[in-house]
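Next comes just one chain, in structure tokens: the form predicted alone.
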Amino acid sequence: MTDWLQLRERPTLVVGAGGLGGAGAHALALAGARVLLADVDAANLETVRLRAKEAGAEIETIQADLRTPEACRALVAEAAEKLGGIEVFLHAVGRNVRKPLAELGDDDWESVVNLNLSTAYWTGQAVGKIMVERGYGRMVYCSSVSGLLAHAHHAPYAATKGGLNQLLRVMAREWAPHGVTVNGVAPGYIETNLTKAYLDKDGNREKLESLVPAGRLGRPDEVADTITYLSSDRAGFITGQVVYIDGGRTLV
């Protein structure tokens, strides 16, 4: 089979090993990319690495806490040194605090904004400089339908995803002349290990399925396939876009 995506040996940095980040790293590695995967959780890193190994691919891992600008820039510098540059970048770091607005504390707000949005800026800025100098790059951010829809009990999360959508558009606008594309994937309700506990209680799975025209939740590999395409040479004329992978959720 030909390397139609032209991802073979592409130096790739993925931040976030849980759920969609792990699925994205796995798919990129199977497509032939040289993947360095970073996460604060060593167990998540090992799970993804072993899964890739069983499938005949390799993923190198590095444990890193990215909640400061210094840590983000240090990781990007280390990744560029290890990989000999960075040509593909996936940001899949994030968390949600499900509380009514009136019950949110300052720490709830600040911690979600820092992790979901600030790390996207800090890592993306550092990676973008490397890609611009190289004259080539593919950047993909994991957004969410929450960046468009007004879900109750999602205020900090929704705000960060909406902000992320605009951040990546500005990145795309500024870096397009340098051969760098910047896009986002916005999943709807996806079944992952991270969402399982929430989905399995109080009839949440059935409630969410009822909101999706497709009548089911999504799978991580369905998001990962879109990530892989946007990371490839085939998507060279797509930039500044947010692709909704939601079974039609944003249509209703």
Ligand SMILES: NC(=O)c1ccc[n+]([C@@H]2O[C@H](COP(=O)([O-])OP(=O)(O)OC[C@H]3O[C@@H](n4cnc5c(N)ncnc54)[C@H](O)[C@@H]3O)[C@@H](O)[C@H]2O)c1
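Numbers for residues come from their place in the sequence shown, where the first is 1. These numbers come from a predicted model, not from an experiment.
The protein also exists as the form predicted in complex with the ligand; that form is not presented, and the subsequent description refers to it.
Only one segment in the set 79-87, 170-178, 139-147, 121-129 has any non-hydrogen atom within 4.5 angstroms of the ligand in the model of the complex, and it is 139-147.
Within 4.5 Å of the ligand in the model of the complex, a heavy atom is found for all three of D65, G188 and T192. This chain is displayed alone, yet in the model of the complex one of A57, L208, L36, V40 has a heavy atom within 4.5 Å of the ligand; that residue is V40. Heavy atoms of L20 reach within 4.5 Å of the ligand in the model of the complex, making it an interface residue. Contact annotation for T61: none of its heavy atoms lies within 4.5 Å of the ligand in the model of the complex. The ligand in the model of the complex is not approached by A158, whose heavy atoms all lie more than 4.5 angstroms from it. Proximity of V97 to the ligand in the model of the complex falls outside the 4.5 Å heavy atom cutoff. Interface residues of 87-108, taken as those with a heavy atom within 4.5 Å of the ligand in the model of the complex (partner not displayed): A92, V93, G94, in sequence order.
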